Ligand SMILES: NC(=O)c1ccc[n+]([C@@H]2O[C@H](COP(=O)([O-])OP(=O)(O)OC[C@H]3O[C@@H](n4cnc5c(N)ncnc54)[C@H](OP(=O)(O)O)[C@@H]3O)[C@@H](O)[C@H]2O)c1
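In the block that follows, a single chain appears as structure tokens, in the form predicted on its own.
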């Protein structure tokens, strides 16, 4: 990519499972990448970074200097602290690609659970600020399965709350789709929201079964009641508000049979399967 046309892209959540994939792909494509992170850990070598919090308008102001496009992942379960961020985005006026959830119901007054609600609230804030965001609504990320590694290190059972079946999507596919939009011609019309799903609807038991095939082990998923799931997650050190949100999602989020071709539309290839994700990441569970 010629130096004169290299865009500068701010990636939030750059040290996470998805953000790190986006950063790596942007670097390969020759974009200037700036990472907004809460600490140095997990930042890819060679990437420019700003250390700070998305809720700090001063940090956001500095991070946005000279930025053409922002990949926005909002990390909190409340949209209220985002008002300073939204004001800074409105002042700087970059293109914004926002990562949301396929569970958002545009017809609902209130969403099924706090996790989906914050995505709906953030979408509304971005639209109300006339930022015209490109919204990527992602289904459940395959990388969430990494949270089972400790249990699988101790045995062959994954125990947790039973979540509704969804078309689990490989975070690498979401990253490829995001990069396609982040590097797209700003003048090109885009369809938004994009609904990113995997190719098959899976329960947690289905995911554990496919992970077992990849690991060549007989694994099983054990659904546990909400009270037990809550106490176990709290004992593991998860924040109370996150635990309550996860329990609410388990109880109230409806099953989704949605499968789309939007990954293929944006990347030129079909979405990968969870079985392939499990094969590619088997070493992380051994």
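Numbering follows the first chain given and starts at 1. Because the structure is a prediction, the values reported are computed rather than measured.
There is another form of the same protein, the form predicted in complex with the ligand; it is not shown, and what comes next is about it.
Taken together, 198, 199 and 277 are entirely out of contact with the ligand in the model of the complex: none brings a heavy atom within 4.5 Å. Heavy atoms within 4.5 Å of the ligand in the model of the complex map, among the stretches 210 to 218, 92 to 100, 182 to 190, 106 to 114, onto 92 to 100 alone.
The closest non-hydrogen atom of residue 64 lies beyond 4.5 Å of the ligand in the model of the complex. When contacts are judged by a 4.5 Å heavy atom cut-off, residue 31 does not count as touching the ligand in the model of the complex. Using a 4.5 angstroms limit between non-hydrogen atoms, residue 74 touches the ligand in the model of the complex.
The ligand is not drawn, but in the model of the complex it has a heavy atom within 4.5 Å of residue 139. Proximity to the ligand in the model of the complex, taken as a non-hydrogen atom within 4.5 angstroms, holds for one residue of 38, 252, 27, 232, which is 38.
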